[in-house]
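What follows is one chain in structure tokens, specifically the form predicted on its own.
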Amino acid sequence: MSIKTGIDEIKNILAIGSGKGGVGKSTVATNLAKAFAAQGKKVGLLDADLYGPCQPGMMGSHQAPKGNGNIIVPVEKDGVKFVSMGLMNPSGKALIIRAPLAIKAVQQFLTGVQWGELDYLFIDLPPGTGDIQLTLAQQAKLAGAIIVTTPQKVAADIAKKGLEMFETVNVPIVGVVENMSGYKCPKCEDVTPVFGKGGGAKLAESFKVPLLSQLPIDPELLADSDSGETTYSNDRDSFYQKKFMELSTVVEKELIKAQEQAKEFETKEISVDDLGLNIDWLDGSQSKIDARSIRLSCPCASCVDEVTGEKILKSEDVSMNIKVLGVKPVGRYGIAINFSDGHGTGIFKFEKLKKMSAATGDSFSV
């Protein structure tokens, strides 16, 4: 019997990002995963923050994952399967590796883990919009992204960059979570806005995405997170657990809406013939784009100057008889194309391809 690995049996992969550190995205990722698991969902949690992994502490398990050959068997706690670099680095020393090795580690966490059948895999991203985020967007067909911020303007301004990155790679934005929206009194449950107001709401409004929740600082949540005992059960009725259970319901609903809105640039089928590409879009339209036009629009660094944006590739350097030899999907936002002239480094966004066919009159509805 063969062991299935990777992400093929995962229904929904959700990235949880923040743009900057210290806003509580790991707290949101952990508790959202546990809230879904408490409802009977099959849930996984991938800690992609290699340099500052929080999940072992928050999940309350430092057990090293078992191996089956080259396959990683994830640790399971409170109904959540999870992997983290923190489980593989028990010394707790700083992980000092260059980006290429970090990317390989993330790829291993995605495709070399025995995740099995999951309803949701939550990915706790590192801060920023760098190599790891881009790798995940290209390697996994993300169902959506949740952006976490705090109320301060400076945090929301940086979270905006993370949101823009996901929009660029056609990952549906499920919505914004405003964390640390105030301090909850442990006795009377009044909430005091110690970090100001409105950052999350303004961010959501400016991008026309939902504000999923406003989560105040809760002393009970802080204590449970430090101990790793954020256990969701029917006999507990804590304030923060109610908030995360409510959040899980909203996420489930908004995820469906977000994916519907992203279908404009989603493909149903792509085929290659002697003339170029044939694309059937999910919205029912079709496109036929000739190989030479696609080759001339290649956006890679050898065809377009990365600094000035000036086109380097000259029309006379591309054969009139050039052909598309094959395509490879890149996340949910584009394809890599191999041409008969040996070129294959460009990533062509679906949005650009659809607009190209519309501009040339080669797009039609069926």
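None of the values given here were measured: they were computed from a predicted structure. Start at 1 and count along the sequence shown; that's the residue number.
If you look for the form predicted in complex with adenosine-5'-diphosphate (ADP), you will not find it shown, but the lines that follow are about it.
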{"item": "Proximity to adenosine-5'-diphosphate (ADP) in the model of the complex (heavy atom, within 4.5 Å), stretch among 333-341, 36-44, 23-31, 301-309", "value": "23-31"}
{"item": "Listed residue (247, 165, 221, 262) with a non-hydrogen atom within 4.5 angstroms of adenosine-5'-diphosphate (ADP) in the model of the complex", "value": "221"}
{"item": "One residue of 280, 226, 119, 266 in contact with adenosine-5'-diphosphate (ADP), assessed in the model of the complex (non-hydrogen atom, 4.5 angstroms)", "value": "226"}
{"item": "4.5 Å heavy atom contact, residue 84 and adenosine-5'-diphosphate (ADP) in the model of the complex", "value": "no"}
{"item": "Distance check, residue 59 to adenosine-5'-diphosphate (ADP) in the model of the complex, heavy atom within 4.5 Å", "value": "no"}
{"item": "adenosine-5'-diphosphate (ADP) contact at residue 144 in the model of the complex, heavy atom, 4.5 Å", "value": "no"}
{"item": "Contact test in the model of the complex: residue 54 vs adenosine-5'-diphosphate (ADP), heavy atoms, 4.5 Å", "value": "yes"}
{"item": "In the model of the complex, residues of 154-181 near adenosine-5'-diphosphate (ADP) [heavy atom within 4.5 Å]", "value": "179, 180"}
